[in-house]
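In structure tokens, the next block holds one chain alone, the form predicted alone.
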């Protein structure tokens, strides 16, 4: 394995609210490798977008990164000065935001804004303008030479998102962070954007961090996935293994709630019981236990940590860890694959 290009260790981000302190990211640690496509998935409020913003110190007030390290090429980004981190943003690590309509300036042409991102990092104006046209062609915007003169409102939603991707690629970054880049798009355009990101990942070799709540997006683009819940990482591993054999009940629940075309006539749509916890007053023990159909007594009192529970897979679950520690055959581990017959029903204990 090559050395990680990004190492995140014990990252903690808090928001000071009138009701108290909300720890939106609570002890998150992971590695990102060169050229990798990593998915960070979870429900709204799980902390995935705040994690991405924390990496580049873009958390809005009243949020603060209060602990941890973000090591990029042996530099801790959390310790850099404002001028130093601005040199990293857009040049070495770029970010594509969820809503291009609010990210693009409505009174400036799209081409000007893409070229400006390059000029801010030292490119000459003529060179930046020429590369802008190349970038728009690369992200498959037709008639790129004329589109550079268009304002954002003159572009369709899909084209605006492609323009944001072009802006992110402007300085050939080593890492591209995409925060829900397909949420507001219809499924056809969504598929085109994902195909484009996958092609760019392979052609340019940039590592991609995909922030999403959509497990289908993860399956289509990513090679490895991190599952977050209530500010914690609850599972991590290769996409194929996690989709085939999830080791945390929350991951199992997410996969189980994906609508299946072959089952729609015979089954009701499934959902995860209950709601995500209030992070002002998080539950004791495992934060997922109030909603978990597999919970045992220890889940109510002790908070689990990420441990290796299967080959290349880590999970923070007492049920999975206890069974793995018995050194039983893999088939005897907690099988919480979608559709697997566990014999356990919501609300029951194993």
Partner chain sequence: MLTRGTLIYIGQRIVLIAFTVLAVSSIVFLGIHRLPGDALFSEHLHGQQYELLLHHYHLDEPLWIQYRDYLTGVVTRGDLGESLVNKGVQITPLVLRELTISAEVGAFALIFTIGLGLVLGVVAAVRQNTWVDYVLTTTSVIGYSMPNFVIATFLLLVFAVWLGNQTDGAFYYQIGGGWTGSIGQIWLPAFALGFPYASIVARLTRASMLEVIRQDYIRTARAKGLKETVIMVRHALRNALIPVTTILGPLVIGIITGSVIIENIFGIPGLGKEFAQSILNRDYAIVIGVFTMYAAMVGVANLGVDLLYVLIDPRIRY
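Positions refer to the first chain, counted from 1. Computed from a prediction, not measured in an experiment: that's the story for all the values here.
Form predicted in complex with the partner chain: not shown, discussed below.
Peer 1: Is every one of 86, 120 and 164 in contact with the partner chain in the predicted complex, taking contact as a heavy atom within 4.5 Å?
Peer 2: Verified in the predicted complex; spot residues all in contact, yes.
Peer 1: Decide whether residue 58 counts as a contact residue for the partner chain in the predicted complex under a heavy atom distance cut-off of 4.5 Å.
Peer 2: Output for residue 58 is yes: heavy atoms within 4.5 Å of the partner chain.
Peer 1: Contact between residue 156 and the partner chain in the predicted complex at 4.5 Å, heavy atoms?
Peer 2: No, residue 156 stays farther than 4.5 Å from the partner chain in the predicted complex.
Peer 1: Mark residue 102 yes when one of its heavy atoms lies within 4.5 Å of a heavy atom of the partner chain in the predicted complex, and no otherwise.
Peer 2: Heavy-atom contact with the partner chain at 4.5 Å: present for residue 102.
Peer 1: Can you tell me whether residue 90 touches the partner chain? I mean in the predicted complex, with a 4.5 angstroms heavy atom cut-off.
Peer 2: Looking in the predicted complex, residue contacts with the partner chain include residue 90, since a heavy atom lies within 4.5 Å.
Peer 1: Using a 4.5 Å heavy atom cut-off, which stretch among 188-196, 72-80, 235-243, 94-102 contacts the partner chain in the predicted complex?
Peer 2: Going by heavy atoms within 4.5 Å, the stretch is 94-102.
Peer 1: Just give me the single entry in 223, 129, 113, 201 that has a non-hydrogen atom within 4.5 angstroms of the partner chain in the predicted complex.
Peer 2: Exactly one listed residue reaches within 4.5 Å, namely 113.
Peer 1: Using a 4.5 Å heavy atom cut-off, which residue among 299, 292, 316, 53 comes into contact with the partner chain in the predicted complex?
Peer 2: Of the candidates 299, 292, 316, 53, 53 is the one lying within 4.5 Å of the partner chain in the predicted complex.
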